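Listed next as structure tokens is one chain, alone, in the form predicted alone.
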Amino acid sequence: MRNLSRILIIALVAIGATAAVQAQDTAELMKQSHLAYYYAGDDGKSEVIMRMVDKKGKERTKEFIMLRLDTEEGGDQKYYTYFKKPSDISRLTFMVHKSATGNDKRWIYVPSVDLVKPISADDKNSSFVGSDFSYEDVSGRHWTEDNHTLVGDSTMDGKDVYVIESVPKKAYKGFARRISYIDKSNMLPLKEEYFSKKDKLVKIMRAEKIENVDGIITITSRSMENVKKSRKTTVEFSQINYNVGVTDDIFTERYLKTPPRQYVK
């Protein structure tokens, strides 16, 4: 009987150790995906066209320029977004100081009232300028904020993918769980499905187009479908450049009000 108990204990320890290794390995996969998706190069610049289509098929378009600077690979980042069109949001700017270990800091400058407004951590899941992307979708959610489980392997559009479930470690309004389909060849997410606390599918992100930009495999078009509201937003990136020498001083309140002309023309 003692031998049987000992065998059971050893088996349970082995199972626990295996589960811990699997969790660690899956977290590493999510890290690789996050680095490929959000940390390409040391910095980046791109022009963006955002198309929002409502359930009646009506389309609205917005154009902006986005700058990014990585303070540390896989660590803190800074984002700067300058809107060009339409005229009612022209010169509106949005800035993020992304923290790998704490809450991100976000600000938006509204030129019509000459006001710089901080965006609180509680608002990070709010709609980004009326689109189906949230503020957090723009700069990404750090992989360390969730627990990850490898659900299995599959194929998507003829590509081999990892299927990974992510569940927030702490109470979170954005989603209760997320399923990511990650291309094994380049670690980019081809699709992400977001579920509510009632386990209802609420939105779907899709990589609509992937291209080689300066030797870096890049998602140049992605969409977010709001399943509940039957809406969809697509963002298309062009004039993409990496390692252009974006400087840290640009990500300050001064440039929220007065955009850096060397990048915003």
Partner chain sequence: MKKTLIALSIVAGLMLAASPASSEVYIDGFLQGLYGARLDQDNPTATEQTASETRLQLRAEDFGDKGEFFARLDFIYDGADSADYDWELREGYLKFRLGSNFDFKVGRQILTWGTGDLIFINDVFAKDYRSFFVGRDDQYLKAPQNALRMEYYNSLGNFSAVWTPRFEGNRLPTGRRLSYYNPMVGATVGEGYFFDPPPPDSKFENGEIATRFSRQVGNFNTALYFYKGFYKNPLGFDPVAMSAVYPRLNLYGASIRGAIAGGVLWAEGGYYDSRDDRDGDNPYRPNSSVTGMLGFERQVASNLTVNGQWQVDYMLDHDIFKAQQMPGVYVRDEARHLLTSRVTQLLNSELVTLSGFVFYSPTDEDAYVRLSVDYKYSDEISLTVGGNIFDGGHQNTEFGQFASNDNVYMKMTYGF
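Between two forms, the rigid core is the largest collection of C-alphas that superpose within 1.5 Å. Not measured: the values here are computed from a predicted model. Residue numbers count along the first chain shown, from 1.
If you look for the form predicted in complex with the partner chain, you will not find it shown, but the lines that follow are about it.
Peer 1: Can you pick out, from Thr81, Ser127, Asn186, Thr149, the residue that has a heavy atom within 4.5 Å of the partner chain in the model of the complex?
Peer 2: Spelling it out, the residue with a heavy atom inside the cut-off is Ser127.
Peer 1: Let me know the one among Lys159, Lys105, Lys191, Arg177 whose heavy atoms come within 4.5 Å of the partner chain in the model of the complex, would you?
Peer 2: Flagged contact: Lys105.
Peer 1: Is it the case that Val116, even though its partner is missing from this view, gets within 4.5 Å of the partner chain in the model of the complex, heavy atoms only?
Peer 2: Val116: contacts the partner chain in the model of the complex.
Peer 1: Evaluate Arg231 for contact with the partner chain in the model of the complex, applying a 4.5 angstroms cut-off between non-hydrogen atoms, and reply yes or no.
Peer 2: So Arg231 counts as contacting the partner chain.
Peer 1: Is there a heavy atom of Lys85 lying 4.5 Å or less from a heavy atom of the partner chain in the model of the complex?
Peer 2: Because a heavy atom of Lys85 falls inside 4.5 Å of the partner chain in the model of the complex, the answer is yes.
Peer 1: Should Ser134 be classed as touching the partner chain in the model of the complex when contacts are defined as heavy atoms within 4.5 Å?
Peer 2: No, no contact at 4.5 Å.
Peer 1: Select, from the options 162-170, 149-157, 191-199, 88-96, the stretch whose residues sit within 4.5 angstroms of the partner chain in the model of the complex by heavy atom distance.
Peer 2: Checking each option against the 4.5 Å cut-off leaves 88-96.
Peer 1: Any chance Asp25, Lys31 and Lys209 all have a heavy atom within 4.5 Å of the partner chain in the model of the complex?
Peer 2: Negative, none of the three is within 4.5 Å.
Peer 1: From first to last in sequence, which residues of 136-171 have any non-hydrogen atom within 4.5 angstroms of the partner chain in the model of the complex?
Peer 2: Contacts from 136-171: none.
Peer 1: Could you tell me whether the Cα atom of Gly152 shifts by at least 2 Å between the shown form and the other one after core superposition?
Peer 2: Gly152: C-alpha displaced by less than 2 Å between the shown form and the other one.
Peer 1: After fitting the rigid core, is the C-alpha of Arg177 off by 2 Å or more between the shown form and the other one?
Peer 2: Result for Arg177: no, shift under 2 Å.
Peer 1: For Asp104, is the C-alpha shift between the shown form and the other one 2 Å or more after core superposition?
Peer 2: Yes: Asp104 shifts by at least 2 Å between the shown form and the other one.
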